[in-house]
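The chain below stands alone, shown as structure tokens; this is the form predicted on its own.
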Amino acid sequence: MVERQRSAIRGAVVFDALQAVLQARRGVVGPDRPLHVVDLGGGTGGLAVRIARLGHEVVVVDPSPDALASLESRAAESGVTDSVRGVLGDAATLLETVGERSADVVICHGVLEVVDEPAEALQAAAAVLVAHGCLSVLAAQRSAAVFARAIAGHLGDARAALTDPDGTWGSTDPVPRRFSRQQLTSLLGEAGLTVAETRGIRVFTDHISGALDDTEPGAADALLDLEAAVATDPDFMAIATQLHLLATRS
């Protein structure tokens, strides 16, 4: 299976959940205005443009000028320039950049792993949400890293990943920080948010052999169906590479 197919599988379950959130929020605010969405660390806008094409307004806050330039080009190519805006910034400047209680939905995907203070990033995201707004968090899970290293035969690395309480274990891991489900739930609670849904993302996709994908007809569709089927099953969630949590502000 080519990497593009794998990437599509990885993102499909998350986007389906986001669409449901957007539809529910649209039902609350009514059809007369688009939803206001903030994509923190949204980079080149792969997700933001898809959301804009659903009829919503998206502000992408990212520290990379190059990424924001690519976002502008992508939005133009998709015909949603008026609905997507890029702003140079990060979690530390989010509140002053976007404004308090200004967003119906905030997306925080792949951010907590790299920021200096994950708790402060979530507090800033919560502050820009309107009452009953939704925060979408996608973060790397530590238990999956332990599992992946163990089945690959890297038992020392697996042990290091297991015993590191902070979810980091040196330069051998390309992801600076990983989390447990309990850690993420606690961080969201401390930010004044209530977790409504949790999904395991890439439960099987990152663990199976690429050769198996190539030899089985329809493997990509079958794998996507399987991922969707187990995403909310707690028996499988621990081996998911990422956790996707949806939380609301009271």
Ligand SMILES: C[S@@+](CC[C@H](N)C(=O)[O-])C[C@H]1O[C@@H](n2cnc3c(N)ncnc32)[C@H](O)[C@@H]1O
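Residue indices: 1-based, along the sequence shown. Not measured: the values here are computed from a predicted model.
Here the subject shifts to the form predicted together with the ligand, a form of this protein not shown in this document.
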item: Answer range among 77-85, 148-156, 105-113, 125-133 for contact with the ligand, defined in the predicted bound form as heavy atoms within 4.5 Å; value: 105-113
item: In the predicted bound form, the one of 201, 40, 193, 52 near the ligand [non-hydrogen atom within 4.5 angstroms]; value: 40
item: Non-hydrogen atom contact residue 91 with the ligand in the predicted bound form at 4.5 angstroms; value: yes
item: Non-hydrogen atom contact residue 64 with the ligand in the predicted bound form at 4.5 angstroms; value: yes
